[in-house]
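Presented below, as structure tokens, is a lone chain in the form predicted alone.
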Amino acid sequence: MATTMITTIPIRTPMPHPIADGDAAALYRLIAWTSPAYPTGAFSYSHGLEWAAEDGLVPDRAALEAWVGHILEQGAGWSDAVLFAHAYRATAAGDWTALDAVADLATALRATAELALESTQQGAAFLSITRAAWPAPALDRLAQLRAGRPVPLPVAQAAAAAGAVPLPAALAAMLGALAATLVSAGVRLVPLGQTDGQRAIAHLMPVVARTTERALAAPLDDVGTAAPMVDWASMRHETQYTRLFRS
């Protein structure tokens, strides 16, 4: 009589996730807030990439990955990540004086008029929409605190996430959304196919992870940028003859 052999497959314990297992509400918020469908107008900004493509600085996917990666690690992606972390912690602690100071710093750090507009208009839209759809006392307090003054995007995002989504996951998602937005602009501007766009986003994942880890440990004194070519491209974009994007 034949004997049937049964192979036992060992069960491995899953690695811990930045969002606790079963916390579907936090994950749902994160997906919604970083979705391209969230109506902040992100699709209308290129962060100077439109001029870079026009000038031949970003002619292909490799150049696009390098350009966006530099923004994430040395440009506004880095500074916004540090600001996000500190704004999140200030909101979670109810330290509204510290949150106001972070918002002032975030407003002052933009190097050009277009980049400032990009951050503050998206921040105002994010705050208004999130207060309406995902009401929270911290968002109301931020709106009162900044009445008549700009609310930069990373500060609005951080205030929404504090108490609702764990900081590491929220910060990684914010940086990932920035990368995806800029790659989407590059797909239209270079131009590239959709597959190359997804390849670029996949290749930028380690950059997002590194920047997230660094920003979580960075003091506020470490905020700043070293991306002069991005700033220059933004300045040139202000007088570019034909434009699809607002920055």
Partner chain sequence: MPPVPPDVTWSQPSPPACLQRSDGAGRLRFVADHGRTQATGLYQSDPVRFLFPLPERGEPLPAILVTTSGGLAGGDRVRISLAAEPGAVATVSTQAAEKVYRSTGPVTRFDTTIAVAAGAWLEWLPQETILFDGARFARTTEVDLAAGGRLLAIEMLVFGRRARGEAFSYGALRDDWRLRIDGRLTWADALRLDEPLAPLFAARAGLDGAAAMATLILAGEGGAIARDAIRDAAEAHPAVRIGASVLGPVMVARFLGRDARALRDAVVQAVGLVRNRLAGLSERLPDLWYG
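Quantities reported herein were computed from a predicted structural model and do not represent experimental measurements. Residue numbers count along the first chain shown, from 1.
One more form of this protein exists, namely the form predicted together with the partner chain; it is left out here, but the text below deals with it.
Residues placing heavy atoms within 4.5 Å of the partner chain in the predicted bound form fall in a single listed stretch, namely 215 to 223, out of 192 to 200, 215 to 223, 175 to 183, 25 to 33. Screening Ala98, Ala116, Leu167, Ala92 for any heavy atom within 4.5 Å of the partner chain in the predicted bound form leaves a single hit, Ala116. A single residue from the set Leu105, Ala143, Ala136, Ala124 has any heavy atom within 4.5 angstroms of the partner chain in the predicted bound form; that residue is Leu105. Remark: none of the three candidate residues (Ala76, Val82 and Ala209) comes within 4.5 Å of the partner chain in the predicted bound form, counting heavy atoms only. By the criterion of a heavy atom within 4.5 Å, Ile129 is excluded from the residues contacting the partner chain in the predicted bound form. The shortest heavy atom separation between Arg61 and the partner chain in the predicted bound form exceeds 4.5 Å. Heavy atoms of Thr112 reach within 4.5 Å of the partner chain in the predicted bound form, making it an interface residue. Using a 4.5 Å cutoff between non-hydrogen atoms, Arg188 does not count as a contact of the partner chain in the predicted bound form.
Using a 4.5 Å cut-off on any heavy atom, the residues of 203 to 235 that reach the partner chain in the predicted bound form are, in sequence order, Asp221, Asp222, Val223, Gly224, Thr225, Ala226, Ala227, Pro228, Met229, Val230, Asp231, Trp232, Met235.
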